[in-house]
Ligand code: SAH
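Before any questions on binding or motion, here is one chain by itself as C-alpha cells, the form predicted on its own.
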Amino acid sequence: MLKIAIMGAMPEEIAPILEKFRPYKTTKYADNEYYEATYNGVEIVVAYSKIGKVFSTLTATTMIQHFGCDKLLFSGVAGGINPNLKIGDLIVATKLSQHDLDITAFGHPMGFVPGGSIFVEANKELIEISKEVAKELGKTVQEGIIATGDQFVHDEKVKDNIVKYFNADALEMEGASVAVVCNALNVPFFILRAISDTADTDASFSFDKFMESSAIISAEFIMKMVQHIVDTK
C-alpha cells in the first residue's frame, strides 16, 4: 500500500492537516511524535520536525526509513526575497540549496560539498500535480528556487548574497535538508511554502495570525495533492 509522508516544521503547520485525518494513531519515536492514518486506501504519516536542518533531516529520514513512506510532501512558511512575492503567496520549490553551506575557502562554490551538489531538484510529477491543484482551487502558485539555512535571515546584505549565489526566490530552514534526504533515498518529494514575510513587511504584521490562516490554505492544498496522488496511483 502506498504510504505518504506529510511534514511541517512547526505544530501550527500540520494542525489543520491532522484535522483531516481523524482518527489517527500517535507513535512516539526518536524524540518526536508521528501521526498515522489511512485515507482513501492510502497510508498517511504526519509529523512536524521542529525548526532547522538537523531536525528536518532526522524527521524525513525517520518517515522514510522507519515508517516506510514512498513520497514526501512538505508544507510550511518561508520568507520571500523575490520582489514579485507578497505575503500570503504560495511557492512550490523547483530546486533547493543550502545557503549556509560554505567551504569556499577550499575553492568550492557556495552550497557545494564534494560528493554533493549545489541544488537538489524536486519531483517534476508532483510539481505537475500541484499545477492541477492550483487550477482547481483557483490559486496562483509560483515555482521557484528555495534556499535553506539554519538561521532566520533578516540582514539585507545576507539576502543579497543568497540571491547572488543561488538566484533564490524564498528562504526557509528545512526544505533543502529534506530534499537531500529524499534524493539520496530515491523518494519523490514536494515542498510548498506560503510567504510569511518580505523585505517590505509592515511592522504591524502579525506572524501568528498569518501562520494560522496560511496553515489552513496549505492544508487544503496538500489534501488536494494527496487526493490526486490517490487517483493516479
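Numbers follow the displayed sequence, beginning with 1. What we label the rigid core is the largest C-alpha set whose atoms superpose within 1.5 Å from one form to the other. Only a predicted model underlies this, so the values are computations on that prediction, with no experimental measurement involved.
A second form of this protein, the form predicted in complex with ligand SAH, is not displayed here; the remarks below concern that form.
- Taking I51, A37, V180, V187 one by one, only a single residue has any non-hydrogen atom within 4.5 Å of ligand SAH in the predicted complex, and it is I51.
- Note on the partner interface in the predicted complex: the residue among M173, A168, I44, L192 having a heavy atom within 4.5 angstroms of ligand SAH is M173.
- Shown alone, this chain has one stretch from 101 to 109, 78 to 86, 116 to 124, 134 to 142 that lies within 4.5 Å of ligand SAH in the predicted complex by heavy atoms: 78 to 86.
- Among residues of the shown chain, M10 is one whose heavy atoms approach ligand SAH to within 4.5 Å in the predicted complex.
- In the predicted complex, D197 approaches ligand SAH with a heavy atom inside 4.5 Å.
- Although the partner is absent here, Y29 lies well away from ligand SAH in the predicted complex, with no heavy atom inside 4.5 Å.
- In the predicted complex, ligand SAH sits within 4.5 Å of a heavy atom of V153.
- Core-superposed comparison between the shown form and the other one: the C-alpha position of I14 differs by less than 2 Å.
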